[in-house]
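The chain below stands alone, shown as structure tokens; this is the form predicted on its own.
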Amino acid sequence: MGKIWAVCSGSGGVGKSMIALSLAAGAAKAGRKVILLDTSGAARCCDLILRLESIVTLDMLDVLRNQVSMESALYAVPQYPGLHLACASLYDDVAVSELSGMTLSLNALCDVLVVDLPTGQASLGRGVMRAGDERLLVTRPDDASIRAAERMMMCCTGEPAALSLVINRASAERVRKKTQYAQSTVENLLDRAALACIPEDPSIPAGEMRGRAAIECDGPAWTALSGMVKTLLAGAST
């Protein structure tokens, strides 16, 4: 059974789905068999970024209702060989806990299962994640996002999977203008060292408009995103 990387956030607009898609694409480019499960429902966007919105017609709710097989609801991502996309329903709300058994089934089909969790949700369900799996909490370095991240950390107390902090959209210029916190300040406020601090990068949205994950950007975020994938893959092999 492969590893699970669950990407969560306490507030919207922090780049959670961008991180999830970058991890999935990066692991696939490294030769791993990867499934990206977008559980964000009506807010899902991974299919849009990957230009699969007109192709993804079956979802995990169809599988839960025994209307289709698991394999038929997995969609190959042409630009990233080895990566498949699975989605929660775009129209019907399904609690993440209801996907727990399905998550284990998906996890058995790949080396790495990346789960893009809904905003404000940090758990996949009791007994799904194990020691050695990763839960990544994404935050911006501002007051509202940090406060939401702190509340999410309180919800994860005592769970077996590691909780790693990812700071996104960091800007040295905004730190100088005192409209954003420095990485060290965020780490002190949340009492946790960051796995990665990803700088604001205007090349990311331009790449996404071409159907590419942010990890293929040609700006300063590339180093941080690539380093994060390598660190997680190293942990997955131990």
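Quick note: we count residues from 1 along the sequence shown, nothing fancier. Note that the structure is a prediction, hence the values are computed from the model and not measured.
FYI, the form predicted together with a small molecule isn't displayed, but the following is about it.
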{"item": "Within 4.5 Å of the small molecule in the model of the complex, all of Lys3, Asp111 and Gly132 (non-hydrogen atom)", "value": "no"}
{"item": "Exercise: Ile198 in contact with the small molecule in the model of the complex, heavy atom 4.5 Å", "value": "yes"}
{"item": "Partner contact for Lys29 in the model of the complex: the small molecule, 4.5 angstroms, heavy atom", "value": "no"}
{"item": "The small molecule contact in the model of the complex: Ile204, any heavy atom under 4.5 Å", "value": "yes"}
{"item": "Contact flag, Gly13 vs the small molecule in the model of the complex, heavy atom cut 4.5 Å", "value": "yes"}
{"item": "Interface stretch in the model of the complex with the small molecule - options 164-172, 145-153, 85-93, 72-80, non-hydrogen atom within 4.5 Å", "value": "164-172"}
